[in-house]
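Only one chain is given next, in structure tokens, and it is the form predicted alone.
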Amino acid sequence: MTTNPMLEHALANFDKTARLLRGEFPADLLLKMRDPRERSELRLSPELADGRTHTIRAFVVHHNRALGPSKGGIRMTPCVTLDEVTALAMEMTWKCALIGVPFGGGKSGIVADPEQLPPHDKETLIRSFTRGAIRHIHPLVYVPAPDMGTNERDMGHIKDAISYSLGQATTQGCYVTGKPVILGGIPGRREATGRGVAITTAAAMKTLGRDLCGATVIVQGFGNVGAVAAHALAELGARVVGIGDIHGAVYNPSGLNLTALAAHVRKQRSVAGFTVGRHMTGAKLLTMPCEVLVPAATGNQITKENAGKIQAKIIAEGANGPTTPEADRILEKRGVFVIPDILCNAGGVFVSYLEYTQETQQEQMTEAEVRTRLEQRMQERFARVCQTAQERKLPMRQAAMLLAVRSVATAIEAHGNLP
């Protein structure tokens, strides 16, 4: 039995869904979906600027490819594990199926601290990872993207490393998404996950008969997802009253000046020390008064210990796996409306799909086109999950999982049992 909480929770969510689907699909087919298709551990040996050859561990997991090639980001943190990457790959399988893109779930991890790596060393490490994982990365096998600790610059290095090894000016087809626009990326990809969070939050407010204009919002995390979600919700009229990151949090019931806060974070690399507002721990921020709470940092932030203290009416999961199954049960009893991660933060993989198609077809979409298609898809899938939840009398997470797992199971049956 795994001891990794994130993987335990991912398996628990799947097992609950599998029980709902036992009348539709054979038990052995559902059991087959529980385990990853492939888990690999790599040893990278880059020579960094200190002149030493470093041994760095990395992981690649392909969870499922019934709907298409594996899709999922590269996470670089000093504590990432193979089980964590496995959990994230599984979540990507359901996310891709739910949002309706022809991908399966995959994920990568590199055990390193990007904050401690000079730009040249990080590039060296990313290129070393690309060489080590080259048999995994291909438009029809696994297409990586940015995740925690990686960015579009890193994706550009991956594309360059592959094209260089092939002796070509560029890659034929899309080997990686989330790369710079000048290298075949798509405008709006960096903002897509955060914008998707804002779109589904607005849809949830409408569903519950509430007005987003003037509604109070707390965002945990002010990285790519949290910062974009905060600004997008503010554009829609919400009042962002709290922001937190790994170093601390600031809360002001009158609302925060996000432009000034962003300038402070660029300079200090943290929200800590921002002059306007009450300072507190990130844990305390989660339980402060608000109508909407956006956990957009890391997993397992809302637990059985704090779920009963949360005052938000809506939780929009910008992060992957921020709520434990025990917390889910408490929130459900309290009537808190949870927008599950596989729906709420699926905007990134949807726009990655647009990037994948445009590079395959050698076309270029405008940012306006990207935003229009993102909004349409997020609203359509939100409505589908809501309808299923109402018809089956299920929480939103279970309704989303039901639709996603059913889609993957149907694809597995269509493929057949023979190789």
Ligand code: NAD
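Position 1 is the first residue in the sequence shown; the rest follow in order. These numbers were taken from a predicted model, which means no experiment stands behind them.
The same protein also has a form predicted in complex with nicotinamide-adenine-dinucleotide, omitted here; what follows describes it.
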Q.
If we define contact as a non-hydrogen atom of the residue within 4.5 angstroms of the partner, is residue 147 a contact of nicotinamide-adenine-dinucleotide in the predicted bound form?
A. yes
Q: Indicate whether residue 220 is a 4.5 Å heavy atom neighbour of nicotinamide-adenine-dinucleotide in the predicted bound form.
A: yes
**Q.** Residue contact check: residue 318 to nicotinamide-adenine-dinucleotide in the predicted bound form, 4.5 Å heavy atom
**A.** yes
(Q) Test of understanding: in the predicted bound form, would residue 345 fall inside 4.5 Å of nicotinamide-adenine-dinucleotide by heavy atoms? (A) yes
**Q.** One residue of 293, 176, 90, 296 in contact with nicotinamide-adenine-dinucleotide, assessed in the predicted bound form (non-hydrogen atom, 4.5 angstroms)
**A.** 296
Q) in the predicted bound form, which of the listed residues (224, 324, 86, 200) lies with a heavy atom within 4.5 Å of nicotinamide-adenine-dinucleotide? A) 224
(Q) Which is the contacting stretch out of 179-187, 153-161, 202-210, 240-248, given heavy atoms within 4.5 Å of nicotinamide-adenine-dinucleotide in the predicted bound form? (A) 240-248
**Q.** Complete contact of 9, 37 and 407 with nicotinamide-adenine-dinucleotide in the predicted bound form (any heavy atom, 4.5 Å)
**A.** no
